[in-house]
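As structure tokens, one chain now follows by itself in the form predicted on its own.
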Amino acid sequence: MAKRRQRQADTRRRQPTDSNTYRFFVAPEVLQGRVARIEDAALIHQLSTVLRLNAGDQITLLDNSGWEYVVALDEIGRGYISGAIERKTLAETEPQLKLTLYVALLRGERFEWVLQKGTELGVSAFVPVVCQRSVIDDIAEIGAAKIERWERIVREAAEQSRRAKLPKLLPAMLFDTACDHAARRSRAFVLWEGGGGSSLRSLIGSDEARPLAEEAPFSIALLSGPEGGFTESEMATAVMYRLGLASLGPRILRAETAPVAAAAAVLFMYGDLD
């Protein structure tokens, strides 16, 4: 017993800094009092078999509330892992700006790439949008398995990038509904490669936008189109909802590049990317 305690103490001394510990989102009920008890089979497999963690190793658990819990594992049993919660701290990695990306459904892995990179940057919510030129034309085509995969991509990206809250993945919307939904944000823009729009930089840097930097939290919505872009009738709808037409410059960006580039620009402008 004494040797076991000594091995555990030696392992604790070898722990990396908090920034390098493994991070996992768990249900709030996992974290009760001073003890964390994990019973999720997939997470148990990852901790014990994939990562081969042992008693004394540290992990960081997140309950999606903005708090981080540093846990020292003390028992790896059959069907559960338990550990002592050594400290609880409020994360400082979440942006003040609430940025929602309304992203047209794209081909293959491109939409998933937007979810991953947007999460890393600090996007607060994603909304899949069915447009006239989208790869699907019926929301019913989005099955439960695909949504589960998207949620897993967002969760893993949030864990890797040290997020303390999971971005929301809202139900898919038709374009008209998405415009109505986006228009309720503090400011909303459609990423538009055609003429007649203003640069995104000038729009978010305008005198009208600057007072928002003094308010926290506030929200911005960005709508990005599918391969082939928005149709003229969709742009007319966006104008009807009084969404700003924002250009990302003279070059044409891919459908998966535009929302990520725009998100980075907006988050940088409002101080959430240094």
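Because the structure is a prediction, the values reported are computed rather than measured. One rule holds for the numbers: they count along the sequence shown, beginning at 1.
Below, we refer to the form predicted together with S-adenosylmethionine, which is not included among the displayed structures.
- Within this chain, G56 is remote from the site of S-adenosylmethionine in the predicted bound form, having no heavy atom within 4.5 Å.
- Contact annotation: A264 falls outside 4.5 Å of S-adenosylmethionine in the predicted bound form, judged by heavy atom distances.
- At a distance threshold of 4.5 angstroms between non-hydrogen atoms, S219 is out of contact with S-adenosylmethionine in the predicted bound form.
- W192 belongs to the set of residues with a heavy atom inside 4.5 Å of S-adenosylmethionine in the predicted bound form.
- Taking the partner from elsewhere, every residue among S224, G249 and L253 has a non-hydrogen atom within 4.5 angstroms of S-adenosylmethionine in the predicted bound form.
- Of the candidate stretches 134-142, 76-84, 150-158, 184-192, only 184-192 has residues whose heavy atoms lie within 4.5 Å of S-adenosylmethionine in the predicted bound form.
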